[in-house]
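Quick setup: one chain, the form predicted on its own, written in structure tokens, and binding and motion questions come after.
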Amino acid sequence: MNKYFLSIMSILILFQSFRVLDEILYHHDDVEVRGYKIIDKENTRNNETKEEVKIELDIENLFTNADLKKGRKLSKQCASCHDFSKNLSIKIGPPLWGIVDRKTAIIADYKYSKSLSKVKRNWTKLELFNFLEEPKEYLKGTSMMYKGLKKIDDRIDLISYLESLR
């Protein structure tokens, strides 16, 4: 019985010595908080809002370097759902002729989602800029099935092209 007890005790002492040796060799005092930092989604949204305000202040300056040809090329991915002509034909989505500075949800024959119908704004450059980044996140409940344009230059070019449609 004693030899079993001694073998268990020697193993425990060996493991404890490894721990002590590890503390001596690899001890770091600079770790203040252990574990992972949990990012609060609401705080992240507040930070994004601050960034949007910065963009709002400089949005007109961003549009000075817009490329209409690139915007027209980008609009081709929208053409399967939206009409760009003066006819204002309704496809899967509402027509986009004259959308810049137009009120939201005003095409009479098109059935808008409830969330877009409730929004009483104009499609300003800034509004389109923020919406086109990620439509499903910007306007919860929208029926627009589009992942969005992440690149700022692409959004600027597309909005400039849409603005030219008058």
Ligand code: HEC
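From 1 onward, residues are counted along the sequence shown. All values reported here derive from a predicted model rather than from experimental measurement.
There is another form of this protein, the form predicted together with ligand HEC, and it is not shown here; the text below is about that form.
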* Hey, in the predicted bound form, does residue 80 get a heavy atom within 4.5 angstroms of ligand HEC? -> yes
* Distance check, residue 129 to ligand HEC in the predicted bound form, heavy atom within 4.5 Å -> no
* Is there a heavy atom of residue 63 no more than 4.5 Å from a heavy atom of ligand HEC in the predicted bound form? -> no
* **residue 102: touches ligand HEC in the predicted bound form, heavy atom cutoff 4.5 angstroms** => yes
* Structure fact -> Within 111-150, the residues having any heavy atom within 4.5 Å of ligand HEC in the predicted bound form are 112, 113, 116, 123, 128, 131, 132, 142, 143, 144, 145, 146
